[in-house]
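The chain that follows stands alone, in the form predicted on its own, written as structure tokens.
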């Protein structure tokens, strides 16, 4: 545990200082997925001890292409805190991050707890609302390179989130068109079906994985369902907007 705590401190300090650090597996190639989730928890616990507040969870590796790229057949998850929230329409400081990128996503707002093995219908019944969203991902590792265990330890690269207008949870989000624009230019086009074929499957997986860690998704939590398209780099001077068919738009600006 001392070793894992040292790794957690390394990643926490890298995030605080916006400074890249070598992959953990370069020096410890036998690091397991279970170890990585413990490192993640220890690292996020350091943030909570500084006064941050847990607000939900995020899912990663939710597209088949990313699973194949990393060589896994399971999604990953991370923890969200209030310090990660960026106000919709406001600016984020590029200087806070190492090498940030942005992904269009679907966000769920929960009205009831959700934990363990549940059906899609049970998951939907626990949802208060859904919204268009974007996640700022920022691996703390050098060159944005990592293994599965590395990225899990690094809170699955989660660094920021922007949430748009909340919508009726009964809105069918299975196959909605998605456009990501930077400075008014279309950069990525996709579909919400890229999230495991249906974003609700990501919520179902989140309930199971969080329960396996001895935790639960609670009422009021935000669940980020996973990236829909490739994640472009962010640079000062950009205005970034995601529009999801039937759900609306969400935007933010990037400053120095």
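Positions refer to the first chain, counted from 1. These numbers were taken from a predicted model, which means no experiment stands behind them.
The next section is about a form of this same protein that is not shown, the form predicted together with ligand 0L1.
Heavy atoms within 4.5 Å of ligand 0L1 in the predicted complex map, among the stretches 171-179, 113-121, 99-107, 79-87, onto 99-107 alone. Although the partner is absent here, residue 59 sits close enough that one of its heavy atoms falls within 4.5 Å of ligand 0L1 in the predicted complex.
In the predicted complex, none of the heavy atoms of residue 166 sits within 4.5 Å of a heavy atom of ligand 0L1. Among residues of the shown chain, residue 162 is not one whose heavy atoms approach ligand 0L1 to within 4.5 Å in the predicted complex. Within this chain, residue 151 lines the site of ligand 0L1 in the predicted complex, having a heavy atom no more than 4.5 Å away. Annotation for 143-180: interface residues with ligand 0L1 in the predicted complex are 144, 146, 151, 156, 157 [heavy atom within 4.5 Å].
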